[in-house]
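Just the one chain here, the form predicted on its own, laid out as structure tokens.
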């Protein structure tokens, strides 16, 4: 087994372990921190597999943005840890059956698929091609998307702003 394969399996184990921590944590704060481990594991796998741009975007957008926003929302919400769930066993059996069926189906599909085996190419950075495409061929859609996101941000600020009435 090569070092790359060993690192991939290690990252996969960390990612799946963190995902299980998200699902089975009793505290929402612990669940959010386990989600950080999951998202970091996915970003590391992207980098390992040669998709450096996706890895950096995963790190910046999901870990740096969404997860921090989630943690701030949890920390700023009063008494979120005081919520008591009365019956945690409701839905466990149907959920387990659904997960087992989906897992069996995925194993069947993966086993019956015809996989194309090719020698891996030399790793090359992908950011140049993406940047070139965004600034030439896709410049107009990129700018339209940025204007739409700016309008959504301004709308969110206007909606969430409190009026001071005197």
Partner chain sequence: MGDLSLGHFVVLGGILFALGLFCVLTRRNAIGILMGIELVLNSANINYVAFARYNQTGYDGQVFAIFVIMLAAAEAAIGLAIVLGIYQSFETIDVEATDRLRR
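Predicted model only: the values in this text are computed from it and were never measured. Positions refer to the first chain, counted from 1.
If you look for the form predicted in complex with its partner chain, you will not find it shown, but the lines that follow are about it.
- Under a 4.5 angstroms non-hydrogen atom cutoff, its partner chain in the model of the complex has residue 149 among its neighbouring residues.
- Proximity of residue 129 to its partner chain in the model of the complex: non-hydrogen atoms within 4.5 Å are present.
- Using a 4.5 angstroms threshold between heavy atoms, residue 156 counts as touching its partner chain in the model of the complex.
- Heavy atoms of residue 64 never reach within 4.5 Å of its partner chain in the model of the complex, leaving it off the interface.
- Taking its partner chain as it sits in the model of the complex, the stretch 136 to 153 comes within 4.5 angstroms of it through a non-hydrogen atom at 137, 138, 141, 142, 145, 148, 149, 152.
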